[in-house]
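Here's a solo chain for you in structure tokens, the form predicted alone.
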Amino acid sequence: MVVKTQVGIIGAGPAGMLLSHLLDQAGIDSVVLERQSREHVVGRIRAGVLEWGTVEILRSAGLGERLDAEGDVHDLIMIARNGEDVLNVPTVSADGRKMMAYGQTAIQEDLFNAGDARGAQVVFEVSDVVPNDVTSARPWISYTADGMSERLDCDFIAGCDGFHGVSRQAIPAQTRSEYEKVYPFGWLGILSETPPLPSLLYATHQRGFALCSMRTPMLSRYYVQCPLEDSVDDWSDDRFWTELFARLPATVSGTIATGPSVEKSIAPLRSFVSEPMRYGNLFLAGDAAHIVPPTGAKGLNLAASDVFYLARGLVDHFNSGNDDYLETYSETALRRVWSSVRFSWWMTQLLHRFPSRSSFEQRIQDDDLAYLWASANARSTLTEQYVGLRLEE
């Protein structure tokens, strides 16, 4: 069967569903194709720290009711060093923007609920998805649903299907430039139904990095740096809490409520960028084009800014015939991507222990931390980038 739409979207994660929502608000039709089930997409445990620009995008899209009721606004992060001193870093930009803790699971639920309300066309559990003729005026997507071969004809294709998706591979290898750094460790993370610390806390220690984060007032997310070869079976809850507390100052660990983990996973860390983010009438957004280590809290926020820029261009194209924003989408999005990639890399270098780091490199890291402790200007620079630069007009 052949279905026609204006924009075919591959991937029903936050990027794909937010794009579909923004297009619908402008009267533009889309169909979303998703490889996984709806339950699987909602159940993925991901980021939970939003830049204020992302909050504003969600609010302006009419998705702010639950966000404002349950989101926890932050104006401070803490950085602990060597299990001793704690540095408070205000996270309020010069123009008053802050951060908000609001989990990706909640955002995904909000987007699906909004999609249900507007009758969004989302096809789950599809396979054999292939973007075709992406440089033509009428690209199309072939896929299989319920055992039947299907075809989606469209004006544009938006690849929002993540790092392992098919969209990026539709751009010829000789046309893509890919940049990657794989880090020699992972993050072991747990969720516990316990009250979190009042502020996010990053810790750097000789034993490795740790992070105390949050999802809701009664759901905490904790991480410790671990070797890539470890598995979750190597880490009992008792071992995790013992290791976490060993990396934190006693003044902090003594305030943390422990409990059984309700989810436990190990995530490898990498920095990755694929250029360009447009090829013909195929556009990439979110993890399909770039990955950042979670240290800088940029992954979900970059997906939101990509979608903001892409939706703006598509709306102008369909509603006014102006292609200026579409023509500059890749360059505009990539400026923000590389800024966030650099910041996330810097935060990762600053706070982690690298197994092969030389004594010289270790002393440089120590001095970088000392400078952050001593300089208000250094902390101001961190704040500006952590809170996130304003979206380009």
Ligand code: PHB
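The first residue of the sequence shown is number 1, and the count goes up from there. Worth saying up front: this structure is predicted, and the values here are computed from it rather than measured.
Absent from the display: the form predicted together with this ligand. The rest refers to it.
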| property | result |
| --- | --- |
| Option from 354-362, 63-71, 327-335, 45-53 whose residues, in the model of the complex, bring a heavy atom within 4.5 Å of this ligand | 45-53 |
| Site test, 196, 245 and 264 vs this ligand in the model of the complex, non-hydrogen atom cutoff 4.5 Å | no |
| Among the candidates 188, 80, 297, 314, the residue which, in the model of the complex, approaches this ligand to within 4.5 Å (heavy atoms) | 297 |
| The single option of 152, 200, 224, 107 touching this ligand in the model of the complex, heavy atom within 4.5 Å | 200 |
| Non-hydrogen atom contact residue 211 with this ligand in the model of the complex at 4.5 angstroms | yes |
| Distance check, residue 215 to this ligand in the model of the complex, heavy atom within 4.5 Å | yes |
